[in-house]
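First comes one chain, alone, set out as C-alpha coordinates in the form predicted alone.
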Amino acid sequence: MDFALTEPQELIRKEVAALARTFSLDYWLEKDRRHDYPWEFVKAFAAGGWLGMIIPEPYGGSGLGVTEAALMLGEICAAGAGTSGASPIHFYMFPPMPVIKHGSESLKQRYLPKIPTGEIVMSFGVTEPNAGTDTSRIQTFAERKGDRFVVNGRKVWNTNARQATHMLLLARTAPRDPAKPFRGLTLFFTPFDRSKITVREIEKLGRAAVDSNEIFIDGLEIPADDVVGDVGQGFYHLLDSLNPERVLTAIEAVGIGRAALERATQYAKERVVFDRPIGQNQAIAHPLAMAWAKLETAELMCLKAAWLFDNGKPCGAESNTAKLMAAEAGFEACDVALQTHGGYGYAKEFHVERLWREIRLYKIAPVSQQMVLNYLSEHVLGLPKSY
(Lines give C-alpha, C1' and ligand atoms only; values in the text may rest on other atoms or scores of the structure.)
Protein backbone atom coordinates (compact mmCIF):
# COMPACT_ATOMS: atom_id res chain seq x y z
CA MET A 1 0.00 0.00 0.00
CA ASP A 2 1.41 3.37 -1.03
CA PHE A 3 -0.36 6.47 0.27
CA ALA A 4 2.66 8.78 0.30
CA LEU A 5 1.79 12.25 -0.94
CA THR A 6 2.38 13.05 -4.59
CA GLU A 7 4.06 16.24 -5.76
CA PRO A 8 0.68 17.89 -6.64
CA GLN A 9 -0.67 16.94 -3.22
CA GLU A 10 2.35 18.48 -1.51
CA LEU A 11 1.75 21.61 -3.59
CA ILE A 12 -1.87 21.75 -2.41
CA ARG A 13 -0.69 21.56 1.18
CA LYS A 14 1.85 24.36 0.62
CA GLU A 15 -0.51 26.70 -1.24
CA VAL A 16 -3.41 26.24 1.16
CA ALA A 17 -1.12 26.84 4.12
CA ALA A 18 0.09 30.08 2.56
CA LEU A 19 -3.42 31.33 1.83
CA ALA A 20 -4.83 30.33 5.21
CA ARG A 21 -2.01 32.09 7.05
CA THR A 22 -2.84 35.40 5.39
CA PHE A 23 -5.69 35.47 7.93
CA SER A 24 -4.18 36.23 11.31
CA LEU A 25 -4.97 34.69 14.65
CA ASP A 26 -6.43 38.05 15.64
CA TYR A 27 -8.83 37.80 12.70
CA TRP A 28 -10.18 34.52 14.08
CA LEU A 29 -10.29 35.86 17.63
CA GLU A 30 -12.40 38.80 16.48
CA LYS A 31 -14.74 36.54 14.49
CA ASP A 32 -15.18 34.42 17.60
CA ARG A 33 -15.84 37.44 19.80
CA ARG A 34 -18.39 38.99 17.44
CA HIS A 35 -20.04 35.74 16.31
CA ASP A 36 -19.28 36.93 12.77
CA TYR A 37 -19.29 34.50 9.84
CA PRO A 38 -15.87 34.52 8.07
CA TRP A 39 -17.08 35.57 4.63
CA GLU A 40 -13.73 37.12 3.71
CA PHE A 41 -12.06 33.76 4.29
CA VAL A 42 -14.64 31.81 2.30
CA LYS A 43 -14.47 34.28 -0.61
CA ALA A 44 -10.67 34.04 -0.66
CA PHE A 45 -10.90 30.26 -1.01
CA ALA A 46 -13.59 30.62 -3.69
CA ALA A 47 -11.37 33.03 -5.63
CA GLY A 48 -8.50 30.55 -5.39
CA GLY A 49 -10.65 27.77 -6.86
CA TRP A 50 -10.51 25.65 -3.71
CA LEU A 51 -14.24 25.24 -3.03
CA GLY A 52 -14.73 22.93 -6.00
CA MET A 53 -11.99 20.50 -5.03
CA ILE A 54 -14.18 17.36 -5.00
CA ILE A 55 -16.66 18.53 -7.67
CA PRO A 56 -16.08 16.61 -10.93
CA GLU A 57 -14.44 18.58 -13.74
CA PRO A 58 -17.49 18.49 -16.08
CA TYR A 59 -19.34 20.56 -13.45
CA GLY A 60 -16.63 23.15 -12.95
CA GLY A 61 -14.63 21.51 -10.17
CA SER A 62 -11.20 19.98 -9.84
CA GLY A 63 -12.35 16.36 -9.57
CA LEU A 64 -9.93 15.54 -6.77
CA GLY A 65 -10.34 13.12 -3.89
CA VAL A 66 -10.76 12.91 -0.15
CA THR A 67 -6.98 12.95 0.29
CA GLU A 68 -6.70 16.39 -1.29
CA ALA A 69 -9.72 17.69 0.64
CA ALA A 70 -8.19 16.40 3.86
CA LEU A 71 -4.87 18.09 3.15
CA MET A 72 -6.66 21.38 2.59
CA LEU A 73 -8.73 21.22 5.77
CA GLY A 74 -5.77 20.09 7.83
CA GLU A 75 -3.71 23.08 6.71
CA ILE A 76 -6.58 25.49 7.35
CA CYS A 77 -6.74 24.27 10.93
CA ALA A 78 -2.97 24.19 11.36
CA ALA A 79 -2.94 27.88 10.40
CA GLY A 80 -4.93 28.63 13.55
CA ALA A 81 -8.35 29.06 11.92
CA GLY A 82 -9.80 26.29 14.06
CA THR A 83 -13.35 25.12 13.50
CA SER A 84 -14.38 28.69 12.64
CA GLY A 85 -12.33 28.44 9.46
CA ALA A 86 -12.62 24.72 8.77
CA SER A 87 -16.40 24.34 9.03
CA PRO A 88 -17.39 26.77 6.24
CA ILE A 89 -14.94 25.08 3.84
CA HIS A 90 -15.81 21.60 5.15
CA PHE A 91 -19.37 22.16 3.93
CA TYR A 92 -18.11 22.38 0.37
CA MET A 93 -16.51 18.93 0.75
CA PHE A 94 -19.07 16.81 2.60
CA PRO A 95 -22.72 17.60 1.71
CA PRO A 96 -22.12 17.53 -2.08
CA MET A 97 -20.71 13.99 -2.00
CA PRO A 98 -24.04 12.08 -2.06
CA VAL A 99 -25.16 14.31 -4.93
CA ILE A 100 -21.97 13.51 -6.85
CA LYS A 101 -22.29 9.77 -6.23
CA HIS A 102 -26.07 9.25 -6.41
CA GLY A 103 -27.72 12.36 -7.84
CA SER A 104 -29.48 12.35 -11.19
CA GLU A 105 -27.80 14.11 -14.10
CA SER A 106 -30.43 16.85 -13.86
CA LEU A 107 -29.70 17.39 -10.16
CA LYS A 108 -25.96 17.52 -10.82
CA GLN A 109 -26.29 20.00 -13.67
CA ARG A 110 -28.54 22.30 -11.66
CA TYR A 111 -26.48 22.44 -8.50
CA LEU A 112 -22.90 21.23 -8.79
CA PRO A 113 -21.56 24.09 -11.00
CA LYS A 114 -22.69 26.62 -8.37
CA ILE A 115 -20.63 25.02 -5.61
CA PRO A 116 -17.07 25.88 -6.82
CA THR A 117 -18.07 29.52 -7.26
CA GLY A 118 -19.48 29.77 -3.76
CA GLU A 119 -22.95 30.68 -5.07
CA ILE A 120 -24.36 27.79 -3.04
CA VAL A 121 -23.90 27.75 0.73
CA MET A 122 -24.85 24.38 2.20
CA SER A 123 -26.33 23.13 5.43
CA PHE A 124 -26.91 19.57 6.56
CA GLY A 125 -30.13 18.35 8.17
CA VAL A 126 -30.04 14.85 9.66
CA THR A 127 -29.85 14.98 13.47
CA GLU A 128 -33.10 15.37 15.42
CA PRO A 129 -33.59 16.15 19.11
CA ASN A 130 -35.60 12.99 19.84
CA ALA A 131 -33.51 10.57 17.77
CA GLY A 132 -29.94 11.22 18.90
CA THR A 133 -27.50 8.80 17.31
CA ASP A 134 -30.31 6.43 16.22
CA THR A 135 -30.94 7.91 12.79
CA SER A 136 -33.58 5.27 12.03
CA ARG A 137 -35.89 7.05 14.49
CA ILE A 138 -35.94 10.49 12.90
CA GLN A 139 -39.49 11.82 12.64
CA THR A 140 -39.26 14.57 10.01
CA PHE A 141 -41.63 13.31 7.32
CA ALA A 142 -41.81 14.03 3.60
CA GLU A 143 -45.25 13.20 2.15
CA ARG A 144 -45.47 12.64 -1.60
CA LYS A 145 -48.02 14.88 -3.30
CA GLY A 146 -47.90 14.58 -7.06
CA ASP A 147 -44.57 15.77 -8.40
CA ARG A 148 -43.33 17.05 -5.04
CA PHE A 149 -42.85 16.18 -1.39
CA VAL A 150 -44.20 18.23 1.49
CA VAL A 151 -41.93 18.14 4.53
CA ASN A 152 -42.76 18.77 8.17
CA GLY A 153 -40.51 18.26 11.19
CA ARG A 154 -37.46 19.65 12.92
CA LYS A 155 -33.70 19.19 12.97
CA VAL A 156 -31.04 20.13 15.49
CA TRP A 157 -27.36 21.04 15.17
CA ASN A 158 -27.93 22.27 11.65
CA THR A 159 -24.71 24.11 10.83
CA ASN A 160 -24.81 27.11 8.47
CA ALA A 161 -28.61 27.43 8.55
CA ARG A 162 -28.40 31.21 8.99
CA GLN A 163 -26.22 31.50 5.89
CA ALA A 164 -27.45 28.58 3.78
CA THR A 165 -28.93 28.77 0.32
CA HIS A 166 -29.41 24.98 0.12
CA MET A 167 -29.74 21.98 2.41
CA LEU A 168 -28.95 18.27 2.27
CA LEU A 169 -31.96 16.89 4.14
CA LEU A 170 -32.81 13.38 5.34
CA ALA A 171 -36.48 12.69 5.99
CA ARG A 172 -38.83 9.74 6.32
CA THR A 173 -40.98 8.98 3.30
CA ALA A 174 -42.40 5.76 4.79
CA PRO A 175 -43.16 4.69 8.37
CA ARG A 176 -40.37 2.98 10.28
CA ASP A 177 -40.33 -0.80 9.88
CA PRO A 178 -38.61 -2.40 12.91
CA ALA A 179 -37.44 -5.26 10.68
CA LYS A 180 -35.75 -2.81 8.26
CA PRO A 181 -35.41 0.40 10.30
CA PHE A 182 -33.20 2.29 7.85
CA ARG A 183 -35.47 1.77 4.86
CA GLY A 184 -37.98 4.47 4.03
CA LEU A 185 -35.55 7.35 4.54
CA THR A 186 -35.04 9.69 1.59
CA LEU A 187 -32.28 12.21 0.94
CA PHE A 188 -33.01 15.60 -0.64
CA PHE A 189 -30.77 18.41 -1.88
CA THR A 190 -32.93 21.46 -2.12
CA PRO A 191 -33.08 25.25 -1.71
CA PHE A 192 -33.34 26.51 1.88
CA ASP A 193 -36.80 28.10 1.74
CA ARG A 194 -36.96 30.50 4.69
CA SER A 195 -40.68 31.04 4.25
CA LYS A 196 -41.14 27.40 5.36
CA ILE A 197 -38.13 26.95 7.67
CA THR A 198 -37.70 28.72 11.00
CA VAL A 199 -34.15 28.93 12.32
CA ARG A 200 -33.26 29.20 16.01
CA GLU A 201 -29.56 29.58 16.77
CA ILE A 202 -28.01 27.51 19.56
CA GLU A 203 -25.54 29.18 21.91
CA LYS A 204 -22.59 26.85 22.34
CA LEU A 205 -19.12 26.33 23.79
CA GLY A 206 -17.00 27.11 20.71
CA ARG A 207 -17.04 28.00 17.01
CA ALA A 208 -19.10 31.09 17.66
CA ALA A 209 -18.31 32.45 14.19
CA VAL A 210 -20.20 29.59 12.54
CA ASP A 211 -23.82 29.16 13.54
CA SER A 212 -25.39 25.95 14.83
CA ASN A 213 -29.16 25.83 14.86
CA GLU A 214 -32.41 24.08 15.51
CA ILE A 215 -34.69 24.36 12.50
CA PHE A 216 -38.46 23.92 12.30
CA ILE A 217 -39.86 22.81 8.94
CA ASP A 218 -43.51 23.57 8.23
CA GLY A 219 -44.89 22.63 4.84
CA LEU A 220 -41.61 22.79 2.91
CA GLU A 221 -42.31 21.78 -0.70
CA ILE A 222 -39.49 19.91 -2.43
CA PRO A 223 -39.73 18.93 -6.11
CA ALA A 224 -39.30 15.22 -6.75
CA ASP A 225 -36.37 16.21 -8.99
CA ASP A 226 -34.48 17.21 -5.83
CA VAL A 227 -34.40 13.65 -4.48
CA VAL A 228 -30.84 12.35 -4.24
CA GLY A 229 -30.74 8.79 -5.58
CA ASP A 230 -33.68 6.50 -4.89
CA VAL A 231 -36.68 7.25 -2.71
CA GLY A 232 -36.46 5.25 0.51
CA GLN A 233 -32.72 4.59 0.14
CA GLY A 234 -31.43 7.91 1.47
CA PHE A 235 -29.73 6.52 4.55
CA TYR A 236 -27.65 4.14 2.43
CA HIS A 237 -26.74 6.95 0.02
CA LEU A 238 -25.66 9.01 3.01
CA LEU A 239 -23.47 6.18 4.30
CA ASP A 240 -21.22 6.55 1.27
CA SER A 241 -20.21 9.98 2.52
CA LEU A 242 -19.85 9.21 6.23
CA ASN A 243 -16.39 7.66 5.98
CA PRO A 244 -15.03 10.72 4.14
CA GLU A 245 -16.60 12.99 6.75
CA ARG A 246 -14.84 11.07 9.52
CA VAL A 247 -11.53 11.49 7.67
CA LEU A 248 -12.08 15.22 7.16
CA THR A 249 -13.04 15.91 10.77
CA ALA A 250 -10.10 13.80 11.93
CA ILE A 251 -7.54 15.76 9.94
CA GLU A 252 -9.13 18.99 11.17
CA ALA A 253 -8.56 17.82 14.75
CA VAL A 254 -4.93 17.09 13.91
CA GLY A 255 -4.55 20.56 12.40
CA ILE A 256 -6.06 22.29 15.42
CA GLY A 257 -3.73 20.33 17.68
CA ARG A 258 -0.77 21.40 15.56
CA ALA A 259 -1.77 25.06 15.71
CA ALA A 260 -1.94 24.91 19.51
CA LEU A 261 1.33 22.98 19.69
CA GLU A 262 3.05 25.59 17.50
CA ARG A 263 1.96 28.35 19.87
CA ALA A 264 2.99 26.40 22.96
CA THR A 265 6.39 25.41 21.59
CA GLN A 266 7.24 28.99 20.75
CA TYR A 267 6.09 30.13 24.17
CA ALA A 268 8.16 27.42 25.86
CA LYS A 269 11.28 28.73 24.08
CA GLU A 270 10.64 32.38 24.96
CA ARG A 271 9.16 32.22 28.45
CA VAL A 272 11.88 32.43 31.12
CA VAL A 273 11.16 31.40 34.72
CA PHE A 274 13.87 30.76 37.34
CA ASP A 275 16.47 32.05 34.86
CA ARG A 276 15.81 29.42 32.18
CA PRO A 277 13.35 28.87 29.34
CA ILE A 278 10.50 26.74 30.58
CA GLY A 279 10.99 24.45 27.59
CA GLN A 280 14.24 23.33 29.18
CA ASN A 281 12.20 21.56 31.86
CA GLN A 282 11.19 18.00 30.99
CA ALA A 283 7.83 18.56 32.67
CA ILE A 284 7.13 21.02 29.84
CA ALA A 285 9.15 19.45 27.02
CA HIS A 286 7.99 15.86 27.32
CA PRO A 287 4.21 16.50 27.18
CA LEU A 288 4.77 18.70 24.12
CA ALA A 289 6.89 16.00 22.47
CA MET A 290 4.28 13.35 23.24
CA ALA A 291 1.53 15.56 21.78
CA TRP A 292 3.58 15.95 18.59
CA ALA A 293 4.10 12.19 18.30
CA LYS A 294 0.40 11.45 18.76
CA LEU A 295 -0.62 14.05 16.17
CA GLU A 296 1.82 12.58 13.64
CA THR A 297 0.46 9.09 14.28
CA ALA A 298 -3.15 10.22 13.93
CA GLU A 299 -2.39 11.97 10.64
CA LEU A 300 -0.97 8.76 9.21
CA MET A 301 -4.27 6.99 9.94
CA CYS A 302 -6.16 9.87 8.31
CA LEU A 303 -4.07 9.59 5.17
CA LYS A 304 -4.39 5.81 5.11
CA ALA A 305 -8.19 6.02 5.35
CA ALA A 306 -8.31 8.71 2.64
CA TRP A 307 -6.07 6.65 0.36
CA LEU A 308 -8.28 3.59 0.80
CA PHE A 309 -11.44 5.57 0.02
CA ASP A 310 -9.94 7.26 -3.04
CA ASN A 311 -8.82 3.88 -4.35
CA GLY A 312 -12.24 2.28 -3.92
CA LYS A 313 -11.25 0.05 -1.03
CA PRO A 314 -13.13 -0.61 2.24
CA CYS A 315 -12.14 1.97 4.86
CA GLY A 316 -14.72 1.80 7.65
CA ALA A 317 -12.28 0.63 10.30
CA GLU A 318 -9.58 3.07 9.24
CA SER A 319 -11.92 6.08 8.94
CA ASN A 320 -13.43 5.48 12.35
CA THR A 321 -10.02 4.86 13.90
CA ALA A 322 -8.70 8.08 12.35
CA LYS A 323 -11.55 10.03 13.90
CA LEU A 324 -11.09 8.34 17.28
CA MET A 325 -7.34 8.87 17.54
CA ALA A 326 -7.24 12.34 15.97
CA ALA A 327 -9.89 13.66 18.36
CA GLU A 328 -7.90 12.34 21.30
CA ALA A 329 -4.56 13.58 19.99
CA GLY A 330 -5.93 16.99 19.01
CA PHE A 331 -7.56 17.58 22.37
CA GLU A 332 -4.47 16.43 24.26
CA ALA A 333 -2.28 18.79 22.24
CA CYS A 334 -4.58 21.75 22.93
CA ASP A 335 -4.77 20.88 26.61
CA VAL A 336 -0.97 20.59 26.87
CA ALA A 337 -0.63 23.90 25.03
CA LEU A 338 -2.97 25.63 27.45
CA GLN A 339 -1.14 24.11 30.41
CA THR A 340 2.22 25.19 29.01
CA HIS A 341 1.01 28.79 28.96
CA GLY A 342 -0.10 28.47 32.58
CA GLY A 343 -2.38 31.35 33.56
CA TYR A 344 -1.80 33.02 30.20
CA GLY A 345 -3.36 30.00 28.51
CA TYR A 346 -6.65 31.16 29.97
CA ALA A 347 -6.30 34.53 28.26
CA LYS A 348 -7.86 34.93 24.82
CA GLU A 349 -4.97 37.02 23.49
CA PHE A 350 -2.67 33.97 23.49
CA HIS A 351 -5.16 32.11 21.23
CA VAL A 352 -4.81 28.62 22.70
CA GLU A 353 -7.98 29.12 24.78
CA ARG A 354 -10.08 29.35 21.60
CA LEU A 355 -8.48 26.25 20.09
CA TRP A 356 -8.97 24.36 23.38
CA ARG A 357 -12.70 25.18 23.34
CA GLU A 358 -13.15 24.31 19.68
CA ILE A 359 -11.27 20.99 19.67
CA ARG A 360 -13.65 19.56 22.27
CA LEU A 361 -16.34 19.27 19.60
CA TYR A 362 -14.45 16.49 17.83
CA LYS A 363 -14.87 14.05 20.69
CA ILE A 364 -18.67 14.16 20.24
CA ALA A 365 -19.19 14.99 16.56
CA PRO A 366 -19.85 13.90 13.91
CA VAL A 367 -19.90 10.64 15.89
CA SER A 368 -19.01 10.14 19.55
CA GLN A 369 -15.89 8.29 20.63
CA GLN A 370 -18.13 5.66 22.24
CA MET A 371 -19.98 4.97 19.00
CA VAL A 372 -16.66 4.58 17.20
CA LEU A 373 -15.56 2.06 19.81
CA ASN A 374 -18.89 0.26 19.39
CA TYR A 375 -18.19 0.01 15.65
CA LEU A 376 -14.66 -1.28 16.12
CA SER A 377 -15.74 -3.76 18.80
CA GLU A 378 -18.44 -5.26 16.61
CA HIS A 379 -17.15 -4.93 13.03
CA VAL A 380 -13.39 -5.30 13.57
CA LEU A 381 -13.09 -7.50 16.63
CA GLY A 382 -16.27 -9.50 16.01
CA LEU A 383 -17.69 -8.93 19.48
CA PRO A 384 -21.46 -8.98 20.12
CA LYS A 385 -23.33 -5.75 19.42
CA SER A 386 -23.37 -3.73 22.64
CA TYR A 387 -26.05 -1.14 21.96
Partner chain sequence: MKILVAIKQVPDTATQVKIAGDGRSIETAGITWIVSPYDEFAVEEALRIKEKRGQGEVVAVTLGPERAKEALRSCLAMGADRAIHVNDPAFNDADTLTTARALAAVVKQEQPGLVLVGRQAIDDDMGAVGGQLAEVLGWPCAYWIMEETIDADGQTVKAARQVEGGLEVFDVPLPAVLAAQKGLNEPRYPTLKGIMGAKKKEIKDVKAGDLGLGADAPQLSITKLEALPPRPPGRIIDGDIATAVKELVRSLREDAKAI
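This structure is a prediction, so every number in the text was calculated from the model and none was measured. Positions refer to the first chain, counted from 1.
Quick note: we don't show the form predicted in complex with its partner chain, though the next part is all about it.
For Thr22, a non-hydrogen atom is located within 4.5 Å of its partner chain in the predicted complex, even though that partner is not displayed. For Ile364, no non-hydrogen atom is located within 4.5 Å of its partner chain in the predicted complex, even though that partner is not displayed.
Taking the partner from elsewhere, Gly48 is found to have a heavy atom lying within 4.5 Å of its partner chain in the predicted complex. Looking at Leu29, you'd find every heavy atom of it more than 4.5 angstroms from its partner chain in the predicted complex. Contact with its partner chain in the predicted complex, defined as any heavy atom within 4.5 Å, is confined among 342-350, 329-337, 55-63, 34-42 to 55-63. By the 4.5 Å heavy atom rule, the three marked residues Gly279, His286 and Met290 all fail to count as contacting its partner chain in the predicted complex. Residues from 6-43 that approach its partner chain in the predicted complex with a non-hydrogen atom closer than or equal to 4.5 Å are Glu7, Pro8, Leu11, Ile12, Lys14, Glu15, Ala18, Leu19, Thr22, in the order they occur in the chain.
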